[in-house]
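Before any questions on binding or motion, here is one chain by itself as structure tokens, the form predicted on its own.
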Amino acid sequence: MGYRFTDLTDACHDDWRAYLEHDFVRQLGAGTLDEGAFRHYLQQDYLFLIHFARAYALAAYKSRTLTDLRQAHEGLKAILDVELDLHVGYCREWGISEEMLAELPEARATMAYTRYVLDTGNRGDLLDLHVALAPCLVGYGEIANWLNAQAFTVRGETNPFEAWIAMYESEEFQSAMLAELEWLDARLAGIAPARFAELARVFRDATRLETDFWQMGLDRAI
């Protein structure tokens, strides 16, 4: 029996749960998160998406099959043509203009995670890159599902962060998450234990850096 994505989360269980259940996430679900903290997170997440697009461009370069090349192209296209436009619109609702976004300095937590992803992709292969990105793509979908299972989560207009939860519980995002899990499971299935140990370290480090990204938002840190 080969490895699966769940083996990665099991290998760094405490770090994974700390990321999914971070205070930023809990307060967002309860609708009690400081709006200034959320606004700071939103701005830095815009910068993250730009580097996320670069990571998909790197994935295209790293692709050895037409299927993987098309997947990377679709991911890059979705970020540039859909997700960034939606994010800019969402920021505008929170009083953050596109001009303001263009002038943003990167927080250290933003630089740490995005450069780690790109460095991992440059040093390793396509699987290394996908594993480094998984805490974002898979994690956000799991966070939305986890929030919906919690008694403290407030849904509807009384929660100012309702649109954020709705975005990541959406059929479109959940489908993208499941497609990524299928891709990861197929490639993890055939690897040796030593290779899995390498990937588990990548996943653990990326998860910790994503946790730092939540804390950056909570602290409004630069």
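All of these numbers come straight from a predicted model, not from anything done at the bench. Residue numbers here begin at 1 and follow the sequence given.
Below, we refer to the form predicted in complex with another copy of the chain, which is not included among the displayed structures.
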Quiz item: When you measure heavy atoms, are 162, 166 and 219 every one within 4.5 angstroms of another copy of the chain in the predicted complex?
Solution: no
Practice problem: Decide whether residue 122 counts as a contact residue for another copy of the chain in the predicted complex under a heavy atom distance cut-off of 4.5 Å. | Solution: yes
Practice problem: Answer yes if any heavy atom of residue 60 is within 4.5 Å of a heavy atom of another copy of the chain in the predicted complex; otherwise answer no. | Solution: yes
Quiz item: Using 4.5 Å between non-hydrogen atoms, is residue 48 touching another copy of the chain in the predicted complex?
Solution: no
Quiz item: in the predicted complex, does residue 140 have a heavy atom within 4.5 Å of another copy of the chain?
Solution: no
Quiz item: Among 89-97, 132-140, 110-118, 145-153, which stretch has residues whose heavy atoms lie within 4.5 Å of another copy of the chain in the predicted complex?
Solution: 110-118
Practice problem: Check each of 177, 30, 53, 42 and return the one that places a heavy atom within 4.5 angstroms of another copy of the chain in the predicted complex. | Solution: 53
Practice problem: Select from 63-85 the residues with a non-hydrogen atom within 4.5 Å of another copy of the chain in the predicted complex and write them out in sequence order. | Solution: 63, 64, 66, 69, 70, 73, 76, 77, 80, 81, 84, 85
